[in-house]
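Before any questions on binding or motion, here is one chain by itself as structure tokens, the form predicted on its own.
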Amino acid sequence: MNPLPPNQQQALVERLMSACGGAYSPETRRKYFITGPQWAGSYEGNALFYAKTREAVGFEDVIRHYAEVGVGYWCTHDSDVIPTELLGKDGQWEIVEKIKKTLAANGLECSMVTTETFWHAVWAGSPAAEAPETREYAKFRVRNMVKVGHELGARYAVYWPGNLGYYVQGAIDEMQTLKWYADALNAACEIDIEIAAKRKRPTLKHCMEAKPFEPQAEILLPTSDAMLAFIGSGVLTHPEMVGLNPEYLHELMWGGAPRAALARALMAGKLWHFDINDGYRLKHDVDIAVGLVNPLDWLNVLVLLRSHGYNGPFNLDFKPPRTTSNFGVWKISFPTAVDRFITLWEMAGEVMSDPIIKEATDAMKAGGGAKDPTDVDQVVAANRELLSLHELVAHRIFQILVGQNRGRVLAG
């Protein structure tokens, strides 16, 4: 093949994307509660030790592109769209008004807001640092973002205490730090109650997001389970207002099973928001798009969520690869991420209604009919063959994933 000049390369991308087929229309994509983050759309391809590979994109273009793809909801950190020095000032509200107009013009809603408490130098010792003025500033930031959230019509607020921890042992009092962090969440909930009452609208759902690694050496709330314990510990004034925003990769990173973590959050009634992406165990936060690494695991995750009535947002918290151009971000990365999610979601419905899986699971639940459940040998003998159905169910789910249940065969 001859070299392809730069002025012909976008046409090739579009032609090959069209040749791939299997895409959903923007109208179909909008039927799902899929949210597009400002930070994902504006990500410039830079990472730890790496330079930027893409041009900057402002919120007007990010929102417009999401609308073109068919993503119906948008979310943001405060400082993604408002310079830190303008937060809480008149200039902030001018920007918020522009965001509202841009969302309305493109038919999108703001689903969630979140406060950056991990990047700026003020957070070097975390938002719950020893200095009282740092903690007061943290309260100001979360209160301010609650105000912005209500102004934009958001339903959720997310908190990632990524640097709530330490580099060296003995540097902090963990108990005190956790209580100080609770003070900030309590401040956010209190002002939320006040604003919601004045506006006659529901309070936000305040969601904590866990991550086991980065940026501190030791993190105080590294997993969703740790956060469930924190919510129920008695340090929160309004624990009923605080739930979880697990992230698929964050649960995978430490070697855990995302599906199991989600099940525990569901059982606690605290699974309110879900960041969707993909990646590898025991690695850093690569944030690959959903289904590109663990499609079978993702199918099982969605079976769990569909089976137990999860109806919250699915937030596209991934980083388009550094190798992808600005053009490719919106022509490949986001449309295909959304389409893989939709396909896996609908496949999960197939799994739930599959007659083979139903017959197998019903049989295992019915058991083998041991007459004396206190006789261990009798119980083992009664269920010995039924337990083989575990592997059969797993195989059947794989068949659904690759289309063998519909007759797809690849034998030569």
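This is a predicted model, so every value here is computed, not measured. The numbering used is simple: start at 1 and walk along the sequence shown.
Beyond what is shown, the protein has a form predicted in complex with a small molecule; the following relates to that form.
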Is there any non-hydrogen atom of residue 141 lying within 4.5 Å of the small molecule in the predicted bound form? no
Would you check, heavy atoms only and a 4.5 Å threshold, whether residue 211 touches the small molecule in the predicted bound form? yes
Is residue 314 one of the residues lying within 4.5 Å of the small molecule in the predicted bound form, judged by heavy atom distances? no
Under a 4.5 Å heavy atom criterion, is residue 73 part of the interface with the small molecule in the predicted bound form? no
Let me know the one among 166, 118, 310, 93 whose heavy atoms come within 4.5 Å of the small molecule in the predicted bound form, would you? 118
If we test each of 150, 205, 77, 270 for a heavy atom within 4.5 Å of the small molecule in the predicted bound form, the one that passes is 77
Counting only non-hydrogen atoms, the one stretch of 127-135, 82-90, 246-254, 222-230 within 4.5 angstroms of the small molecule in the predicted bound form is 246-254
